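Form predicted on its own, single chain, as structure tokens, below.
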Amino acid sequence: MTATVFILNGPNLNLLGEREPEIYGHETLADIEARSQAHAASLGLDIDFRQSNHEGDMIDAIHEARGKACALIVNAGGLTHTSVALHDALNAFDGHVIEVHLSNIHRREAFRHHSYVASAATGSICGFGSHGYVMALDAVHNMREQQTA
């Protein structure tokens, strides 16, 4: 298995920096990608960073990651709370899955408290803004180190 991590971002995350900055911050998705790329390189990981507003594209990316990626980092946006199909695709992935959310979904509207992604994930990180992506990369790196030790 390669040391590639797919970082998948769902609907509306292309609007980061513009959409509700009081919740999601002022960084753009491009800023997060650059930060993730730099941190991944420092850990000896490659990333494939993507965003889609379409559930089927997200599922196709998860299927593509099978056999290519050691881990998935997934910020599914609103699909987190609605997509059984995304959940099923994540369960078919044979590596680690880290769920990331910029905001703390448990301190928000009640409909955001349930995550279909969480039950398919190795772990979840929420509420730390864009630093959650760095934390997720650290988690992937640490789990890989433990597997080879």
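Small disclaimer: the values here were computed from a predicted structure and weren't measured. Residues carry their position along the shown sequence, with the first being 1.
This next part talks about the form predicted in complex with a small molecule, which is not shown.
Using a 4.5 angstroms limit between non-hydrogen atoms, H96 is distant from the small molecule in the model of the complex. The small molecule in the model of the complex is not approached by V134, whose heavy atoms all lie more than 4.5 angstroms from it. Within 4.5 Å of some heavy atom of the small molecule in the model of the complex lies at least one heavy atom of H101.
In the model of the complex, the small molecule stays beyond 4.5 Å of every heavy atom belonging to A139. Residues with any non-hydrogen atom within 4.5 angstroms of the small molecule in the model of the complex fall in just one of 42-50, 78-86, 116-124, 62-70: 78-86.
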